[in-house]
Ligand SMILES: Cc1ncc(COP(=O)(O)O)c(C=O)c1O
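Listed next as structure tokens is one chain, alone, in the form predicted on its own.
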């Protein structure tokens, strides 16, 4: 089936957080065109929609179990897409990855322990640490003017501190849209192995990798590395079904898995969302979903090329780093010479576009904005047009 990603679908009035919560998140301009939060304005693959419709036709929506073959389907997907021979029995299901991250912090560390994160990074990482009474240990990414890189020397120093028990790694790197090389992943793994640091890796965007890159799952590096890894995955970003909240957490190490199970039992994260379980099975079992994914990757790449060309022609002081993965791109506004508050006002009030502010992600995120290009190209063009008008009015 050929999917039409150019089709504009009105999401207002559907309880969409992206569109219908602008008055809460952007009260300065609730009508701003939303390019924030990580969901796309595309319909999910038809087999998923059909499976949900079929289940919804049954009028009883009680507590649900996960399909018997769901673990096997998720493990097969890992082997096919990420070259990792994962086992079904390693999987724990949770109602989303963000709650799972919080459970990992609580399960694998004690109050007062340090948890290493690498800002600028997906902001729920720091929240998961702070909300569990642990210490945020920043290992800031380094920007060389083109790419963001791991500060390995600092990471090794931080890992040597016995109280720093856990590294939360976001891979692909969000928001800076980088896929780490096998060599980089091995360096991280070697540091963690040497210092008995557990590696919790959020790989939710691993399916959305562009053609010039190859993604390596951290746990696929070796059996030794596998034993210190907890890998979070889900079809939610891949197929735009984040609202159904169904994630698979792979924990090869039995001792770590038991700790995680105890924590999720405390938080009651083990009861599946009825429609999430239905969508999960369809996503990983129907071949058409993989066809959808391949088409989506190419469409998103063309959206990036359109945006990059538009910026270079009309707003050359705003730069976009070439992405390796995801529909979340990292825009560099620093040449405009605006402070953070002024930059946010410029985008939101003057241009009428809502981005994720770089400062939300910590580290050296000031002066940057994250834009979600997971939308029809006409919407992206409309947003860039608004930005251009404000840019030219300012005389940049």
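Since we're looking at a predicted model, the values are computed, not measured. Residue numbers count along the first chain shown, from 1.
The same protein has a further form, the form predicted in complex with the named molecule, not shown here; the description that follows concerns it.
Looking at 174, 238, 278, 118 here, can you tell me which has any non-hydrogen atom within 4.5 angstroms of the named molecule in the predicted bound form?
Spelling it out, the residue with a heavy atom inside the cut-off is 174.
In the predicted bound form, the residue from 200, 129, 204, 189 that sits within 4.5 Å of the named molecule by heavy atoms
In short, 204.
Please state whether all three residues 38, 122 and 245 have a non-hydrogen atom within 4.5 angstroms of the named molecule in the predicted bound form.
All three within 4.5 Å in the predicted bound form.
4.5 angstroms heavy atom contact with the named molecule in the predicted bound form for residue 99:
Looking in the predicted bound form, residue contacts with the named molecule include residue 99, since a heavy atom lies within 4.5 Å.
Would you check, heavy atoms only and a 4.5 Å threshold, whether residue 269 touches the named molecule in the predicted bound form?
Judged by the heavy-atom cut-off of 4.5 Å, residue 269 is well away from the named molecule in the predicted bound form.
Whether residue 170 contacts the named molecule in the predicted bound form should be assessed with a 4.5 Å heavy atom distance threshold; does it?
Yes.
Within 4.5 Å of the named molecule in the predicted bound form, counting heavy atoms only, one of 67-75, 145-153, 221-229, 89-97 shows up; tell me which.
Looking at the partner contacts, the answer comes out as 89-97.
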